[in-house]
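Here you'll find one protein chain in two forms, each presented separately as structure tokens under the names structure 1 and structure 2.
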Structure 1
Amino acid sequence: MACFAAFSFSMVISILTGPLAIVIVVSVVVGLAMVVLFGYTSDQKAIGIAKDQLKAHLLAVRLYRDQIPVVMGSYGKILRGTVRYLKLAFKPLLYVIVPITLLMVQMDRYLGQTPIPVNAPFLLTVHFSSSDALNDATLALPSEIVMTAPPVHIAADYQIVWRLAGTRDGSYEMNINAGGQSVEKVVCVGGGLPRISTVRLRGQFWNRVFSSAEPSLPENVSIESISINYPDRNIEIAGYGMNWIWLFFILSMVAGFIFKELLGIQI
């Protein structure tokens, strides 16, 4: 009985600190923050008037549907009213969307992929700037990472692909040497919620902002990118796997509508 209680308690702790709990908590907080921020940065009175006018014009279309001139005039007023409403909502939406987008980018570092399972093979792909750099490229591995097959050279794409496996949980640095220069790529093995970077890039600032969690590769190296094929993470709900971003959107929208009604904020 004691063993069962301990096992049940550990399962509860695992659920409460797992990806699903994190997404639920963050979604509720973001839903509340979206509504409050929209309320403070928008002209609530003007939005209320614009929505009431749209409702009135829609009602006129239904009441006078047999009178073509009235219906056409109402459609024109609906179009103008919609443009007016969008103008009123555009600036507050910018205040909401920008920080949420940056938050989602950071969350995806932890929730988008899972670490490589222990002893499971994975691919390390290095893309070079020219085919000449492929000839002298070498890979130095820590003792916890082993090579499971010879490297594959893809000259047409300026790439070398190594098949590797991790033998122990942890984060490890792998060193790629090319043209007298050495650069590192971190690989996460095992479980948990480590900060994962699927690719390391040279330059490409905006691409790095959204897809990489590592510093830019030095400009003087012949390597353009280093990537690892981490498994995608799916959050299980009632037996169905779902990407965390879809779950986040659904829950944050539901939470936003609930808080909108509770706080009486016009959106």
Structure 2
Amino acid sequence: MACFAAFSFSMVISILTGPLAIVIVVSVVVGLAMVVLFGYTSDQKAIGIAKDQLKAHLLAVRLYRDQIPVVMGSYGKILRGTVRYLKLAFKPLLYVIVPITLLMVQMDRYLGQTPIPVNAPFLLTVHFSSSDALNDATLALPSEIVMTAPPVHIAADYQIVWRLAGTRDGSYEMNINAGGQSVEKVVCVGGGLPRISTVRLRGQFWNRVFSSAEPSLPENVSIESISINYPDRNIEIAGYGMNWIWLFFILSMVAGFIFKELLGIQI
């Protein structure tokens, strides 16, 4: 009994402090915020009418099911009504999409990948702007990161790939030297929920916004990007692992449906 209680307690604690708890809390808050935002930025009356019309045409299909011309006409009206509804939902969606996209990008930094496990190999891929730069490129590693195989030069793709491993938990800077310049790339090793950047880029503003958590590479270096193949993080629920995005999708939808009813907002 005591063992069961202790197990249950430890499960609750792990759930409450782990990524699942974060996803649940964020999903509920986002569900609420998005519904409220949708309510304020949409034409609620028009959306209500559009939805009612859609329901009416659906009912017409049922009520007049023996009258094929009426049924076919109703299908046409359902399609037109759907387009009208999507039009009405478009403007509030714009308001909703921007903040949520930015939020999700940030959440993905923490929840999208796990740190590299201690002593597990990982690949550091550096993409250069020309094949010439490959010849004099070197890698300087901190003591906690070791190289487990010689680098592979892929001249055709202007790439060098290093196979490395971390020996202790923590975040470490690795230095790549090329053309007399040195740039860093951070690698996270161990566990927890560190902010992970899978790639460091030069330029490419929008790509950096959506994919990178590190500053841009200097303009005068010959390196285009430096990436690490972090493993994807799966959140376990009842023995099934899933990407946090799917869980967030489901939970925020459920929360949104509940809040829309409570707040009387038409979506």
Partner chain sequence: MKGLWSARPTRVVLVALVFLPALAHAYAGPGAGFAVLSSFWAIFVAFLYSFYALMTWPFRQLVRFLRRRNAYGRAKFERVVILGFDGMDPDLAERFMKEGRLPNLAKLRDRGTFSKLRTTFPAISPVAWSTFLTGVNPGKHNIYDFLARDTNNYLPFLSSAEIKGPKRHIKIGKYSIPFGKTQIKGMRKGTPFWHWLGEAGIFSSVIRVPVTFPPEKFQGVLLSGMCVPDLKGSQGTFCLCTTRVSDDKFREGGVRVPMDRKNGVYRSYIPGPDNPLIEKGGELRADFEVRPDLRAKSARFVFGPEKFALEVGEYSEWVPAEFKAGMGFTAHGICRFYLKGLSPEVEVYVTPVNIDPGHPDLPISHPVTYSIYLAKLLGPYATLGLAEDTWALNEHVLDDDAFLAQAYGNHEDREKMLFDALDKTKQGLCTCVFDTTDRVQHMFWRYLEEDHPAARDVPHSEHPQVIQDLYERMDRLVGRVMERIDDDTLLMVISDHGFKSFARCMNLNAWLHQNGYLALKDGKSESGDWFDDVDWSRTRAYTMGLNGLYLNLKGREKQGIVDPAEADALKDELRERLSGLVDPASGAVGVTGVFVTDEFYRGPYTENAPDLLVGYGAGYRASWDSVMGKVTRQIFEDNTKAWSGDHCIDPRLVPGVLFSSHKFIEDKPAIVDVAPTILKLFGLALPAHFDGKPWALASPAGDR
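Everything numeric here is computed off the predicted structure, so don't read it as measured data. FYI, numbering is relative to structure 1, first residue = 1. For the two forms, the rigid core is made up of the largest set of C-alpha atoms that agree within 1.5 Å on superposition.
The form predicted alone is represented by structure 1; structure 2 is the other form. Comparing the forms between the two structures on their rigid core, the Cα displacement of Arg208 stays under 2 Å. A movement of the C-alpha atom of Gln44 reaching 2 angstroms or beyond is seen between the two structures when the two forms are aligned on their rigid core.
Annotation for Arg168: C-alpha shift under 2 angstroms between the two structures, rigid core superposed. Lined up on the core, Lys55 has its CA atom moved by 3.6 Å between the two structures. The rigid core superposition between the two structures gives a CA shift for Tyr64 of 5.0 Å.
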